[in-house]
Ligand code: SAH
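Given as structure tokens, the chain that follows is alone and in the form predicted on its own.
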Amino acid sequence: MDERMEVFLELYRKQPSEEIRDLEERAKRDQVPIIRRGTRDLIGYLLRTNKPKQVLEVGTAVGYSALYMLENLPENSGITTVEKVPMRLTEAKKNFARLDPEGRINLREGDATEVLKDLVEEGKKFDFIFMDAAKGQYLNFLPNVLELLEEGGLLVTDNILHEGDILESRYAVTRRDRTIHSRMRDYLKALTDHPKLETICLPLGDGMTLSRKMED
């Protein structure tokens, strides 16, 4: 059913550029995790309708999602993206040099925990934040992410279902995944209980949340 649905929806999707499609194929070939097409479509729609000025992405990988977001932003908008894995940084730099000649994407190298702290200290603000990094660290990232998010801004979190494991009891998942399982559930509770956030959970792709930071 899922495969049939994807084939059907492909007929009606707003297609990214040929360069982004080629990058997607290369990432799949090299087994680099990238956002799924349904997730990608929703993010593109949100960017085109909200028209944020400054976007923060936590988790660059090879730059696929950052470059896709760039195609869906106004020309005066910019993206800051964070990555620490050396091999992925090397590929991301190559892709940005080739597909972002104007340098609208600012790649910040290092552990996201430290980079987020630095951005807070620098007084940076973002009206759209995409969380797509180490799932077990989402809860640790959240305080600084909320400090960086403008009032009225949108936080989008990917992979909240962890390939369906989050639906199972703690003891039904493998021992190595139990920490992520409990941390993701804690993260979802933190989002949905937070007094400054209005959050919905969507079963799209590997699951995602949309959280609007409410204005005072």
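Residue positions are given as counts along the sequence shown, with the first one as 1. Predicted model only: the values in this text are computed from it and were never measured.
Only in words, not in the display: the form predicted together with this ligand, which the text now covers.
Please pick, from A92, I105, A133, I129, the one residue with any non-hydrogen atom lying within 4.5 angstroms of this ligand in the model of the complex.
Residue within 4.5 Å of the partner: A133.
Given that the partner is absent here, state which listed stretch (107-115, 120-128, 92-100, 72-80) has heavy atoms within 4.5 Å of this ligand in the model of the complex.
Contact-bearing stretch, as computed: 107-115.
Looking in the model of the complex, any heavy atom of S65 within 4.5 Å of this ligand?
Yes.
Decide whether G152 counts as a contact residue for this ligand in the model of the complex under a heavy atom distance cut-off of 4.5 Å.
Although this ligand is absent here, G152 would stay clear of it in the model of the complex, with no heavy atoms inside 4.5 Å.
Please check if I35 has a heavy atom lying within 4.5 Å of any heavy atom of this ligand in the model of the complex.
Close contact exists here: in the model of the complex, I35 approaches this ligand to within 4.5 Å, heavy atoms only.
Is A61 close enough to this ligand in the model of the complex to count, meaning some heavy atom within 4.5 Å?
Heavy-atom contact with this ligand at 4.5 Å: present for A61.
Determine the residues of 68-101 with a heavy atom within 4.5 Å of this ligand in the model of the complex and present them in sequence order; the list may be empty.
Residues within 4.5 Å: V82, E83, K84, V85, R88.
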